[in-house]
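What follows is one chain in structure tokens, specifically the form predicted on its own.
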Amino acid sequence: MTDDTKIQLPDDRIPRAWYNIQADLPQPLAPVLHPGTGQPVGPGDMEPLFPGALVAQEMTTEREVEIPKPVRDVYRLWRPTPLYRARRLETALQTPARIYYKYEGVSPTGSHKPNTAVAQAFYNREAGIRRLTTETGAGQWGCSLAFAGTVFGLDVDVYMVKVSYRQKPYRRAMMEAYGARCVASPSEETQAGRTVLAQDPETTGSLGIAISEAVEVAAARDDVKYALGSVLNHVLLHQTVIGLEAMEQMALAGDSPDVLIGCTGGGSNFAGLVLPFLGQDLRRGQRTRILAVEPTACPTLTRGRFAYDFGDTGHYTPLMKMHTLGSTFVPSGIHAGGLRYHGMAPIVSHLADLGLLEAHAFHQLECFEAGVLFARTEGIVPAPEANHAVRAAIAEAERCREEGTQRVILFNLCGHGHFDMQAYTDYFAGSLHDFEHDDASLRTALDELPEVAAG
């Protein structure tokens, strides 16, 4: 075991292929269904929204997908990202556990999201597309696609969930600095937005609504495509550069994780770290403990239903089998905007259904408390989303202290909080509150699941 605190790979060790967990799943994913026919979708059903290369990646079961050289060349701006041993945090917790974190906040936009934004922009550019539409919650994805659009010469329209549009003006400014147009969602620009506003003019919005707006615009024009920052198979595929690098770095450290942790909203950063390790476990017949951590205010994995549902509020998307709170669910306006989504990636949901991961939910106050401790020991102020992973890692380390066990904990610190300082200001002022839904409020949206969910 090395004594190094920072484990950095050479610049030429950027992975040359993404890893596809579908090649190693003990049972295949449930098919994505066409909402009109109830039949599995084919490539032709998806190509109005995505270029052919991304549709092929969505459906492939090949274990490796080569990363194009132009994508790797852009990755070199920040990849490989560092792996750190959290020694000062270990000391503060007086734990025998060894805590490591993979830090994705060194990217140009401060999060893991460019790993897929760059790839999606490249494939759209290659297909002759010149404009992309998308949605964003906290703004990390919107900033990342705006950055990628600048790199590959694409115009980008971002529908940003209204509560985050108001909470996070600097993320909005960053999108605009990269040349993107940012619109508060729901908006008057689309039928989906106008319908929601007619029902509730004061709505704070949701990712499901913003997705509907972005999809509606893309579907109406042949020269516009849609880009998604999480949930879909090809998005999780692109994020596996995180875990592939981390496997090499853990080997350099002379350690192997006993516990893997990631925060989960749609599932992309969690999957990016976990899937390469899990695939190795499945091939070798091994088992690593895996924790998926979410907010109690949007408890998709811990209290949602594993069923077929729409990915958006306006019901423009195909039906995916996933853990869901219902497509009409509108979460409370917690600061972890990237975790406020009603559904979970089908791959992550499938792994949960197979018992290959544990799901845990935490309140936002305890997560901010963990983030502050992390900042004061490790020097990095985490994004509110990443605080959930920090909180779970601390809980595991405290458990090791109580049990006297020496486990190795690895988590993904998916982004820094430099554009989220209002959230910390609110936390220190005592104006943040915890939210937890009662069963009745959760049933409202779940009762509206499409009938195929019973099949």
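Keep in mind that this is a model prediction, so the values were computed, not measured. In this text, the rigid core denotes the largest set of C-alpha atoms whose superposition between the two forms falls within 1.5 Å. Quick note: we count residues from 1 along the sequence shown, nothing fancier.
Keep in mind the form predicted together with another copy of the chain is missing from the figure; the text below concerns it.
Of the residues A361, L351, V151, L291, just one reaches another copy of the chain in the predicted complex with a heavy atom at 4.5 Å or closer; this is V151. With the partner removed from view, the residue among L93, V224, A307, V381 that has a non-hydrogen atom within 4.5 Å of another copy of the chain in the predicted complex turns out to be V381. Although the partner is absent here, M421 is a contact residue: one of its heavy atoms lies within 4.5 angstroms of another copy of the chain in the predicted complex. Contact between R76 and another copy of the chain in the predicted complex is found at the 4.5 Å heavy atom cutoff. Within 4.5 Å of any heavy atom of another copy of the chain in the predicted complex lies no heavy atom of Y100. Remark: D11 counts among the residues lining another copy of the chain in the predicted complex, judged by a heavy atom distance of 4.5 Å or less. The three marked residues, Y84, R88 and G179, each reach another copy of the chain in the predicted complex, with a heavy atom inside 4.5 Å. Across the options 46-54, 398-406, 32-40, 421-429, residues that bring heavy atoms within 4.5 Å of another copy of the chain in the predicted complex belong to 421-429. Residues of 399-416 that come within 4.5 Å of another copy of the chain in the predicted complex, judged by any heavy atom, reduce to H416 alone. In a rigid-core overlay of the protein, C182 has its C-alpha displaced by at least 2 Å between this form and the one not shown.
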